[in-house]
Ligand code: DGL
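Listed next as structure tokens is one chain, alone, in the form predicted alone.
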């Protein structure tokens, strides 16, 4: 199965931020990416709905021969990955807010977490906060409305900036010096956030850590692609593919973007 693709899914285009890190670290791996934009955002859905979407996406990736699945969605990870691991016989990589590195590095002992409601209310998020947030004040903020704006390619809009200013204020008032991005859509907001935040506030996302974990799990399971060729990548969206194209930039050789009703 070494030359089989890595499967990646998200509630839309946000997980492409994870795909870019995986592709940079593992350029010879083939990938298949599912953008479930039709059902975005997952963050305001019930746990049962999120599990069902995650099952649907996983089974489509398995049909396409994927050897490993990256759940490139914080909400799907925190609500559904334990179910997926129990029911499917392949490795799964999940995405959790990077509270641990933020807590270790924080000088003010105050860390902000910007995430969806589905992530912040999950059992996995609370256990992560308890395990790594000892002695740290964690200021949680639900990023209501941000995912639809990103899905609509409105990252630089005035509406996005107004929302981010509103969401950053209580965190800054509490003295945060690290901001954890708890949704894979949110790294696309980093340029805007850097304009709004003081220079001393460090922004942390999980992309590079997820890529390193993907590499480690492939090696542990003997699944690294032994080919010397650069990998091929197929992206599927069940909504307008122009949004996906805009986030991927120049589509290179070996990359295909298609509409698929799933």
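These numbers were taken from a predicted model, which means no experiment stands behind them. Residue numbers count along the first chain shown, from 1.
Omitted here: the form predicted together with the named molecule. The next part is about that form.
Of the heavy atoms in residue 122, none are within 4.5 Å of the named molecule in the predicted complex. Contact check for residue 99: no non-hydrogen atom falls within 4.5 Å of the named molecule in the predicted complex. Contact check for residue 41: a non-hydrogen atom falls within 4.5 Å of the named molecule in the predicted complex. In the predicted complex, the named molecule lies within 4.5 Å of some heavy atom of residue 147. Per the 4.5 Å heavy atom criterion, the named molecule in the predicted complex is contacted by stretch 67-75, the sole one of 167-175, 102-110, 67-75, 128-136.
Residues 10, 11 are the ones in 1-30 with at least one heavy atom within 4.5 Å of the named molecule in the predicted complex, listed in sequence order.
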